[in-house]
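Form predicted alone, single chain, as structure tokens, below.
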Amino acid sequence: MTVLHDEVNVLVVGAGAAGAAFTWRLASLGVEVTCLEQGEWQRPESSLTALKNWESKRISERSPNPNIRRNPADYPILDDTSIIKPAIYNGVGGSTILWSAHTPRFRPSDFRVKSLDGVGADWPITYWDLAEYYEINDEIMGTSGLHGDPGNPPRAPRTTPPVPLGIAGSRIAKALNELKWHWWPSDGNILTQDRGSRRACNGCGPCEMGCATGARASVDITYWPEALALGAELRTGATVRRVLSDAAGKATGVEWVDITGQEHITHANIVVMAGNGIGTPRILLNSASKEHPRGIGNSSDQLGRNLMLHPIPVVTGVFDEDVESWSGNDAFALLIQEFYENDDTRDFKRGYEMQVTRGQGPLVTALGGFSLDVPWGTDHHDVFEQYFGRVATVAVTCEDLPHPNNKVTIDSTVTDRFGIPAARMWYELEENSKRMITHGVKSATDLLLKAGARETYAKPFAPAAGFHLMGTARMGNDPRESFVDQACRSHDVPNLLVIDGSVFASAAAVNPTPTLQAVALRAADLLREDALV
């Protein structure tokens, strides 16, 4: 088969949160930019939340785990060597198609964990290098919340007010005040008032299944329409095999396959990876050559290493009365950062945040929800009635520390439909994480009991919590200890960029999406300022 060739200026691989933000920013600066995405467009109006059987689809064809979902655009991820399983989505919008839209920012200390607390690695940039980009991203995505949190740096007023706390959330807020623990309404990319063509949240609940009204943001309805209107190009159904390089080791473009099996080579002046913390190292490791025998740009052997995932224990409290826990967005209402910063009196380093989440729908409740024990048989209906609508869950997001043996590699024994070797996750819990989990479960349990729960059920470890994929192409000043520099450019290959969560030097203890989008926006500005495009 003849290989088709074309040439572009800047080529972005991946149309998710980072790729969309980067593409929009460059297009807004008048730069010619093309993006390749192996998935397709999703139609918000056909969201599963509009279907009566959405709960059954949530655990099958719309599972966040690609090994369960098995869409044509998904690639295999071997996870038998990881106790946390992958949660990603391939398509225009990436994992924002199946996300909860909880968007707290990193704190300033998160960029200095080595200097402050003697663990992990420092970033070569600070919170303040990203501050203006956080604001840009909040405006484009549409962020609900309440500014003025004394526990975080100042920020502009939110686009719309915070999502309602609900009955259970209000009870927990009262308990937090009595405990004198710091809390604040969560920031989220969910509109609580109409904005343009997007409607306000109706509180239907399962945000991860999509949003037919557009209240819950995803980059296919925020960044991408703007980027395309500015002249950016987006090609879907484009599965990238590898990044190409010349005899001098410079990136020259990518080799990819379309949905018909036609092979393409797109030559580019700049290649930008935005394939998430698994997809990006998978492609770059598969791009080995004579000049780059360990994968393109990988002379440091850091590519794929230092995978960070956020271990998340959950504790569910059961209340005597109906607290309407089925109502409202299911992933957040308020954020508790009482135990976020390092405390040397504790037996672990760094800290965790807690977020209050809603109850589940009838099917998931019947299957046990987050951590309930619902028997099948004679007592099933009685137990179900005691739980449905009467629960609240506190999820504990633990900061994960980087370790070189927690990593992503490639495994040629399994390939995708185009013969590209699979990614393999290697991940074990460190002792620090285990001690943090124990502390977090106790804190969450104490809180729920203080709020009036008659009983609690804990799941100390949620294996399906691999939503936050960070660290596998780490940012740093030292080329021996990192993969990219502070501008997201490969130390070895300056015209190769990585702009997704792979570049994170630390994981913090909050959701990474607004931070990785801020990093991507900044990288686009630096590329333009340095006259490289």
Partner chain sequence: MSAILERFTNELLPGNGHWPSASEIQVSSTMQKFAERDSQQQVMLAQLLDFLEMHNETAAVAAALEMKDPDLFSFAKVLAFEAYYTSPKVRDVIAQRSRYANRPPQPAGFQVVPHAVTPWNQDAILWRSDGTERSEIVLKMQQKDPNKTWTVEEIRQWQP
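Numbering follows the first chain given and starts at 1. If you're wondering where the values come from, they're calculated on a predicted model, not measured in any experiment.
The form predicted in complex with the partner chain exists for this protein as well; it is not shown, and the discussion that follows is about that form.
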property: Contacting member of G231, P404, P460, P157, with respect to the partner chain in the predicted complex [4.5 Å, heavy atom]; result: P157
property: Sole residue of D194, E263, E226, D322 within 4.5 Å of the partner chain in the predicted complex, by heavy atom; result: D322
property: Site test, W54, L165 and E341 vs the partner chain in the predicted complex, non-hydrogen atom cutoff 4.5 Å; result: yes
property: Partner proximity in the predicted complex: L116 to the partner chain, non-hydrogen atom cutoff 4.5 Å; result: yes
property: is_contact(N202, the partner chain) in the predicted complex, heavy atom dist at most 4.5 Å; result: yes
property: The partner chain contact in the predicted complex: V257, any heavy atom under 4.5 Å; result: no
property: The partner chain contact in the predicted complex: P206, any heavy atom under 4.5 Å; result: yes
property: Options 435-443, 418-426, 283-291, 145-153; stretch whose heavy atom lies within 4.5 Å of the partner chain in the predicted complex; result: 145-153
property: Heavy atom contacts to the partner chain in the predicted complex at 4.5 Å, residues of 120-145 in sequence order; result: T126, W128, D129, A131, E132, Y133, E135
